[in-house]
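Here's a solo chain for you in structure tokens, the form predicted alone.
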Amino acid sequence: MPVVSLAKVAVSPAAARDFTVRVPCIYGKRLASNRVSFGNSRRPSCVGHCVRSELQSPRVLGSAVTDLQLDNSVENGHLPKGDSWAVHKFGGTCVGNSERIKDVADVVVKDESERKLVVVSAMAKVTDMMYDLIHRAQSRDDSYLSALDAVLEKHRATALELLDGDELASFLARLHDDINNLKAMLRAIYIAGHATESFSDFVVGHGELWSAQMLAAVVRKSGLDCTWMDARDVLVVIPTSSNQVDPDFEESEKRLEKWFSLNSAKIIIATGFIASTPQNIPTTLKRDGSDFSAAIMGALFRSHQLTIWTDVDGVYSADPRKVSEAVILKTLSYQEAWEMSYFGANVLHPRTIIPVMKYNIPIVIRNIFNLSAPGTMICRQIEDEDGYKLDAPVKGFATIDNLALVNVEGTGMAGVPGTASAIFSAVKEVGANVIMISQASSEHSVCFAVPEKEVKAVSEALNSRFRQALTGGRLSQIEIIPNCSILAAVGQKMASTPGVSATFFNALAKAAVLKEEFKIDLRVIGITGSSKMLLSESGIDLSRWRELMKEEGESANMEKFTQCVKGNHFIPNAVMVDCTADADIASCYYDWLLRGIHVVTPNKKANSGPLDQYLKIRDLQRKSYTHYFYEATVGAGLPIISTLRGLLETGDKILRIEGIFSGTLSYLFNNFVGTRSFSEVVAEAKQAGFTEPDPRDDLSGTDVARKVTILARESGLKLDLDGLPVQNLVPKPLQACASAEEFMQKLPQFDEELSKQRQEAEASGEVLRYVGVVDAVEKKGTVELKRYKKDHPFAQLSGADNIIAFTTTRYKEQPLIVRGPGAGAQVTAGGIFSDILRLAFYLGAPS
């Protein structure tokens, strides 16, 4: 086996800040130019250790030299701990390039906390690149050298974009020293054909060292007091046998105090992921190590908050890739976060929570790319602070897929001690991970879940271990059930809320029936108008509802109607379908959603009404886990809202929405051609039933303005209907007419103006169209009569069709166009029914 000899040395205090160990002999050949640094230039000193049979772990001299650094007294004071500290953690995506590092620095600078500690990961992909170096070297692949050059160039180029002057020169000098040391280390690994875990941990930790140094330098450019910390000088962890480490808080506290006495600053940029063993051997914190190290730092500093910055707005109530209506959770308790994380949700590793939980330090998950999003706070259970209590004992759902169930059962197991121990000993021997265990009384049967890729080895091990018991009949079977998933409902209030399990399993049972029968059970249990209503707990016979309304109807009472819908225990899911255009009915949405009733509506009044009420409804809808569908508010049965949401949810950005949103006005201007007068076309449309009873309701543009307001708000703009410029096509003298009949009689007197506009347009090869526009760039909306060339899509309409063009960053040169019938009872009913079916699918019906 190869032997690498390294000299054991001690160094003076002057040499302690930048010390490397020369490698005098590898396979008996001198490599005078190679140096190996088992740490970095900030570590006090290093020694080599004789390697026999394999490359052993690099070690830092543990007596006089270490004590010399830690025990020297300095003029700086004691480490202040407590609420003055805020801890931030930025992952690799957050510091992925120079621009993102600048953004992170900006967040750090703008944080108004008195003192800040920032934990950073390596730049995106760098840790993978470092592991690849080790893999290539121990595979004796010479390309590790070019791969190392790529690592060097990535960081050199980033530094050139971020730094200048002495800061740039200092960083590049350190970077080149580190790269030279890594070359020597990788050369040793290349010759030996093997790298120990400690050698690997030492190599991969360099990414964090470089990102921390660059970020600290960028923060200092703002004139702030900032230094960087090699966490291996402070964090001490004890490796365990389960590929994890346990923090040594007592020793870490001591080292932190002494580190701070030499390096006190108001802002500290610390490396994530890396630490040291009690023997001063470099190591890592393994899976999710950067989050874990940030939590440990939060506990060591007793910070008032730990903010973990990522690329999502917070923790979702369910996997948004599987559940499109998943919402961001405002708060989670520590225990809820544990549960969701364990069962597959992308929250935090459970061990990340433990250090901060001891000191009640809240963790906030925020999006570095969306600073306006408040994120999710993970803390001790707190009461709702919004002035109302939500009936939501379940916070969210999480799943673990690709599992298999293993069921070991037999009457001979009952009352026999140690059976479960024998089962799981066999599972442990093959290295399988047991996800969940269920056991019947007295060990008559034991069922557990393992990853499907491991179930074959588990099955073979169990059959081997219990062959005699199976032959003798003491075990009846070892059954494997493949292709399973675990679905977990998580919520701390579930334990104190009766009926949660019944609801959960009832929903699962209902879903199974729907899947088997492939049909949806929809029942109308209430119909109400302005004066009478009809109620039935089991469902109304729709073939004779008018007759039943006359025979059994009672005076309309919205509170009683709502209670009938919500209080029905025979039907698990309730939805209100509002087919009115009434503002008073729209004002009930908030209460319905608060009670857990879903809402489907074509009524535009809620979404185009006062902005504060609209925002309140949408916020409650997200918090209360109820669905609010309103596709038919714009375009009747056309997929306008769903198309807009699809664009936004896939990362597109809306630039402009322009369309003909009124079927009535579409019909009017499609037929306002030749020698026809405008009043003639209006009369024709009224006679055909295309207009409202009073055509002024269409010609005023209010309906189009409401649709523009709805689309603007869906696009993220905070527009009010009252502030929207609207061109009213009703002549001013006729706006005060006492009746529709009077208006129609006098309208011909005002034909000249519109006829003149039409003639001017036709002379220019154009047509008139009444359109609504959402300008997302300028953050405004308009409703007006515009002219379009005859080859424009808006000029190609016929009848009462609507047409809407979405101009986005993705569809910039050629807008995405949706066209079709946008008005009428049948298409509106189709849009409403589509929303009802979509709701049923979300609640468990097969798609």
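Start at 1 and count along the sequence shown; that's the residue number. Just so it is clear, the structure is predicted and the values come from calculations on it, not from any experiment.
Beyond what is shown, the protein has a form predicted in complex with adenosine-5'-diphosphate (ADP); the following relates to that form.
The site on the displayed chain is blocked: adenosine-5'-diphosphate (ADP), placed by C-alpha superposition from its pose in the predicted bound form, has three or more atoms within 2.4 Å of backbone or C-beta atoms. For the candidate set 269, 347, 640, 235, a heavy atom within 4.5 Å of adenosine-5'-diphosphate (ADP) in the predicted bound form is found for exactly one residue, namely 347. The partner is absent here, but in the predicted bound form a heavy atom of 319, alone among 106, 253, 319, 454, sits within 4.5 Å of adenosine-5'-diphosphate (ADP).
Heavy atoms of residue 315 reach within 4.5 Å of adenosine-5'-diphosphate (ADP) in the predicted bound form, making it an interface residue.
In the predicted bound form, at least one heavy atom of residue 309 sits within 4.5 Å of a heavy atom of adenosine-5'-diphosphate (ADP). Mapping the unseen interface onto this chain, residue 297 falls outside it, with no heavy atom inside 4.5 Å of adenosine-5'-diphosphate (ADP) in the predicted bound form.
adenosine-5'-diphosphate (ADP) in the predicted bound form is not approached by residue 113, whose heavy atoms all lie more than 4.5 angstroms from it. Heavy atoms within 4.5 Å of adenosine-5'-diphosphate (ADP) in the predicted bound form map, among the stretches 520-528, 86-94, 708-716, 421-429, onto 86-94 alone. Using a 4.5 Å cut-off on any heavy atom, none of the residues of 659-692 reaches adenosine-5'-diphosphate (ADP) in the predicted bound form.
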